[in-house]
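Take a look at this single chain, the form predicted alone, given in structure tokens.
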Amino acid sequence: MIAKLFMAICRLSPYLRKVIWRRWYQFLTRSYKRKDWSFINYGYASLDPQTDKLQLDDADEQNRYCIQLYHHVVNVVDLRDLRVLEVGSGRGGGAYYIKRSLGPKRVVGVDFSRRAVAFCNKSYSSVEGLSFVAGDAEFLPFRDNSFDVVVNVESSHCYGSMNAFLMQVKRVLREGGYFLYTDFRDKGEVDILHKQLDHSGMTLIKETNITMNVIGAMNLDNERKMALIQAAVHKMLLRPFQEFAGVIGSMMYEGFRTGEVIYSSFVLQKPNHQ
């Protein structure tokens, strides 16, 4: 029953879905303040054994697959000296990786959980050029043309209106700026997402189905996730956390494995003024 709840949330009305996810993430930040838990995504693993392994510091190895998802999404654009906004920055690990490793001038993370924002500003207060603010993805608190790149990783399924979010992304991007985006949808909703992207006013440059890469990461990262959940979570909440984390055998894992849920990444660009 609990397992089905997490899948059902994604199919609720936009308003209820947004309210429930907001409360869930507020609960996570209030209840679990471990600084070593800095990522919330399913991860990415290369399917090509010839691919060079992403070089990481020893301290980052525990989050390898989560970091590799960010790297897959953002590495298509040279971020050096650019202004980057991450919408749905969560516990801040992705924004921190981008700022520390890819050389942007400035990274701002925005999240609808004020507790998560406070957690990030405390955890990364010493990192120059990295900051976090509270805000709604559908009403971004930034001026027009403020950023060169907007990043969104595994967050948009929580939003009440994808169209409103895309309108905000286009607004805050400068002309020629990039929207680097990844998330999952039920198989029956993939065409809806394509139409939303087509009507966003941005140009779709690249789309990649990474479902198998995500499954690979889930398999390789399963032992670590299970150990973390066992160590940090009350036994009454083990099952919902396992579902949320997408461990092997969870409904989310099975959704990806059977093809009922599709995970894709996208590169879009805001056109230059004609």
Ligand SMILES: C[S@@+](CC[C@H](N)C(=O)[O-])C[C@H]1O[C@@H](n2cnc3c(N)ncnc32)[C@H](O)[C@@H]1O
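Small disclaimer: the values here were computed from a predicted structure and weren't measured. Just count from 1 along the sequence shown to find any residue number.
Below, we turn to the form predicted in complex with the named molecule, even though it does not appear here.
Contact with the named molecule in the predicted complex, defined as a heavy atom within 4.5 Å, holds for exactly one of 98, 85, 169, 153, namely 153. In the predicted complex, residue 119 stays away from the named molecule, with no heavy atom inside 4.5 Å.
The named molecule in the predicted complex is approached by residue 137, whose closest heavy atom lies within 4.5 angstroms of it. The closest non-hydrogen atom of residue 109 lies beyond 4.5 Å of the named molecule in the predicted complex. Taking non-hydrogen atoms only, residue 90 approaches the named molecule to within 4.5 angstroms in the predicted complex. With the named molecule omitted here, the record of contacts in the predicted complex names 157-165 of 142-150, 121-129, 157-165, 186-194, defined by a heavy atom within 4.5 Å. Residues 39, 70 and 113 are all found to lie within 4.5 Å of the named molecule in the predicted complex, as judged by heavy atom distances.
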